[in-house]
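Starting off, we have a lone chain in the form predicted alone, written out as structure tokens.
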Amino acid sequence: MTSANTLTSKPRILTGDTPTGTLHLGHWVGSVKRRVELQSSHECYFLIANMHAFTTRAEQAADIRRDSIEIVRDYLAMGIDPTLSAIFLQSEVPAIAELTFLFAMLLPFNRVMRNPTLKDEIKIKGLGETYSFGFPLYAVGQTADILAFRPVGVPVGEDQIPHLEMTREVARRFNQIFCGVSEHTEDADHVRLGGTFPVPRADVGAVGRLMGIDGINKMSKSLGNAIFIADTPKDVQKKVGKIFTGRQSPTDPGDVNNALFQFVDAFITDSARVAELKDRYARGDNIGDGHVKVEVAEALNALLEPMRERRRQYEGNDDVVIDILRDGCRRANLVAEETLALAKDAAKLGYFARRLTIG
């Protein structure tokens, strides 16, 4: 399947992150690793969702700006190449806001509020009934983040699939209402049959949901259970040592489906060694959690050291990061403005041509 784009012949992907701090291993295995793999073969757009951060942190504007810069450093550290991929700021692509308003007309309010990821965030963040109107609106905004680039795929973690499903619904509904595409049309055929938007698929990483070191919840900065890309070797060793399994003795048969062995599967690259560890652990063959944790920490530090080295190249130099974002925003606006023009024409809103430039 190819994308409906005019800039290259490569299939297009779009994904991104809300700037809530530096990235962690859950981001790497859930999405960023996949982005790095795809950037040579795909036309890639990676969004910093800085406006979405305002839904719960509007009084922390300076922190959001800082976190937006830090995420770019993490992207570069993990291997995102700005010459291959456009890294850009949501706030600098005005077509996204216009499409958000239009797409909000296509979604019933109760459908937005049924989004399980949205409900989970309200619970986890303890928002109760105090969240801003913009908080549920950001779920609609995510559909615009994605569809503004008419991608064929979206690399996401497992928890973001509900957001993507709503995006798929919006694409289908827009194509049906404004482009005359039949509701019975297969997703892969929407653009071929006249739809403005492809119906994008989820591209979930090898580990869709990495457990945190608490052994209970998904890895998350807000829950204090994360191992960050920028953590020092000692930090990594200390945090791995806290991974909770509940096992009491090295002679107790262990559960190889616990959080510790998710780390073994995800980060120890020697498959024969992984099989041996699982076999001995499951049988209680005198192998303690501490021994396994030492090997996990070694594997993690082997993965992270090249990332730390790349990140150090960009420390203390915001101007280089801003230049990367400026170029990414310029490239992103070329696509998003084209998409907006197509959408407005389809919805009979296209009265005048317009041109947008990034200084």
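Sequential numbering from 1, following the sequence displayed. All figures in this text were calculated on a predicted structure; none of them were measured in a lab.
Beyond the structure shown, there is the form predicted together with a small molecule, which is absent from this document and is the topic of what follows.
Interface residue among Phe178, Tyr138, Phe267, Phe228 relative to the small molecule in the predicted complex, by the heavy atom within 4.5 Å criterion: Tyr138. The listed set Asn115, Thr100, Asn258, Gln160 contains one residue whose heavy atoms approach the small molecule in the predicted complex to within 4.5 Å, identified as Gln160. The partner is not drawn, yet in the predicted complex one stretch among 192-200, 258-266, 220-228, 138-146 has residues with heavy atoms inside 4.5 Å of the small molecule: 138-146. Taking non-hydrogen atoms only, Ala332 never approaches the small molecule to within 4.5 angstroms in the predicted complex. Although the partner is absent here, Thr22 sits far enough away that none of its heavy atoms falls within 4.5 Å of the small molecule in the predicted complex. Contact between Thr18 and the small molecule in the predicted complex is found at the 4.5 Å heavy atom cutoff.
Contact check for Leu47: a heavy atom falls within 4.5 Å of the small molecule in the predicted complex.
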